[in-house]
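Shown here is one chain on its own, the form predicted alone, set out as structure tokens.
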């Protein structure tokens, strides 16, 4: 067996970002920038008002106060979308609305709350300084300036910023196509009658949901009965349809565990098998060269127990998907130290990922292991918001000591 860290190193070394493609704004969410974003224009592109109010010259309102307002003649109204052709001269003002262009002569905008309109005039009851409530052209970005780095996952604010800069499309890395393969004669589709000795299939639904949570919507599911030729046939179909194949079950050393052998017969190169972790020791990773596209397909064989499948997806598959999507430093910053609320124990020899709940008690962060830590018990994982990293060479983590935890965010890389 190899260590958790060695396994991650092997996976990262054999995973590569997918090619660039251009996508429309409506399709960009959850993709990853394949190029830096550069300001195609000044932002804002013109001086505009940050508030509803009155545009004034500073000298005209230098003596304004709540008890002795200054009276100015109003020359007109400028709304958002107007060209702002008015000119404000000595003794005059203009009514201006939020987002409207600031016309020549206006040095500041006094908020509406400090002004009173009266028969074509305005009483201004507050002083102003140069630039008050004016958003200056280029105040955020100048044309040609670097705005966002490549490798950034696209969120709603990123979409909005690209639109604000006038981009209708942008270069992103193509999202991977994923295939999930479940194995086992005991599996029954939820909603159907459950006969003795059968269990409901949870892995295909959970793993597809885990893929979808990352913004990847191209995910097919397959099922292979416990038959060697059938397993090979289903895996061949999955490999033909996807960039990443994730199998659940059939990857250990049992009499009916055919996945590893079938993959190798199909030309998949085995790069690791069995990792010193719990849950999830019999994890498999291999690659298949796609000669037509000159890229490597990634193949993950995960354990069949539901918790093992999802935890190993989180620890190994998700970082690989992140790299394929072009994310810079996937997983960086996701671990931190907190205080352990109750002592936990294990045997020495494997790194253990203990499902835990992070919460605030007495104004400090503490973490406590959930009930139900066995690899078939999804209840504890459903409640968990972190994984406690329990090092392989340690037998006990004691109450009150700092422990390393990893945020368990299914929607986050």
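Numbering follows the first chain given and starts at 1. Here the structure is a predicted model, which means the values were calculated and not measured.
One more form of this protein, predicted in complex with a small molecule, exists but is not displayed; see below.
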| query | Which pick from 337, 236, 111, 199 sits with a heavy atom within 4.5 Å of the small molecule in the predicted complex? | reply | 199
| Of 305, 287, 133, 315, which one comes within 4.5 Å of the small molecule in the predicted complex, counting heavy atoms only? | 305
| query | Counting only heavy atoms and a 4.5 Å cutoff, which of 296 to 304, 143 to 151, 68 to 76, 273 to 281 contacts the small molecule in the predicted complex? | reply | 296 to 304
| Would residue 326 show up as a contact with the small molecule in the predicted complex if we use heavy atoms at 4.5 Å? | no
| task | Find out whether any non-hydrogen atom of residue 231 is located within 4.5 angstroms of the small molecule in the predicted complex, and reply yes or no. | result | no
| Contact flag, residue 186 vs the small molecule in the predicted complex, heavy atom cut 4.5 Å | yes
